[in-house]
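Taking the form predicted alone, here's one chain by itself in structure tokens.
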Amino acid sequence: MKKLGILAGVAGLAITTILFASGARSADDAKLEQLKQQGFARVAIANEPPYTAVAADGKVSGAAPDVAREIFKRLGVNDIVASISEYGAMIPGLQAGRFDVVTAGLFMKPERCAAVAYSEPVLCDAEALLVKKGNPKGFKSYADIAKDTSATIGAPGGGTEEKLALNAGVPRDRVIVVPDGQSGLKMVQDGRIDAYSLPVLSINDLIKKANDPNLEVIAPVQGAPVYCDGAAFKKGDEALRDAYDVELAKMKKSGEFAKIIEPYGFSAAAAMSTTREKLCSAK
């Protein structure tokens, strides 16, 4: 009788464990099921071509949303609905449930990796400076701007460029938060800032559209690292992130990933040459 009681207890424990694990999986999968039912995923973007863009008719494009739209379709979520956000507000918005995912060139860094659940790498780029023709102050790095006590630099609020400038020693009052690319370009043209910093592809897109011979791009910025972004999910939505990664890996292997991002100027090989683990542990 004691033996039967022990066996029954073990069996009961096993069934409880299985039910608990099943319940945990169901809870993990609930987010994807929710998105399937509502028919769209809410994404945060920055309206920074070629990473992200919003056309006059409201259609969302750019390399990051295009990849996300295709992956979500493969997961059974028909479309994405975008909200424009400053970089500094993206992670708080994600954590507060205002977005389901950030697809905006939000580069992976250890502190961000601790706050969100990133996908594997999607878009990689270096940093650039937009200055007046001839680079009158001779800037080649953020450190050069720091050394010139009269120099000012514009950067997106809460973005990588703002932090790189501050870390290089540019005082807070000489790092000007700029709301969008067009504003940054106009501020350089008007002489209100000496340089404007964004990733290389974003700066190139701005200067191409401006068609202003009095502007020049300094790229890459000396001493600045090459970064890669990924789709950023809320902590607790790792099952959704993992499902996203499965489809992303399939697209990278099939060549569909390259077909989406390379027309925008990004390198599929660069994104495939590194991993989330490496980028999140980089110092």
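Heads up: residue numbers just count along the shown sequence, starting at 1. Predicted, not measured: the structure shown is a model, and the values here were computed from it.
FYI, the form predicted in complex with a small molecule isn't displayed, but the following is about it.
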Using heavy atoms only and a 4.5 Å cut-off, decide whether all three of Tyr51, Arg112 and Thr160 touch the small molecule in the model of the complex. yes
Is there any non-hydrogen atom of Gly105 lying within 4.5 Å of the small molecule in the model of the complex? yes
Is Leu198 close to the small molecule in the model of the complex, meaning a heavy atom pair under 4.5 Å apart or at it? yes
Applying a 4.5 Å heavy atom distance criterion, does Tyr87 contact the small molecule in the model of the complex? yes
Contact of Pro156 with the small molecule in the model of the complex (heavy atom, 4.5 Å): yes
Contact stretch among 140-148, 166-174, 198-206, 182-190 - heavy atom within 4.5 Å of the small molecule in the model of the complex: 198-206
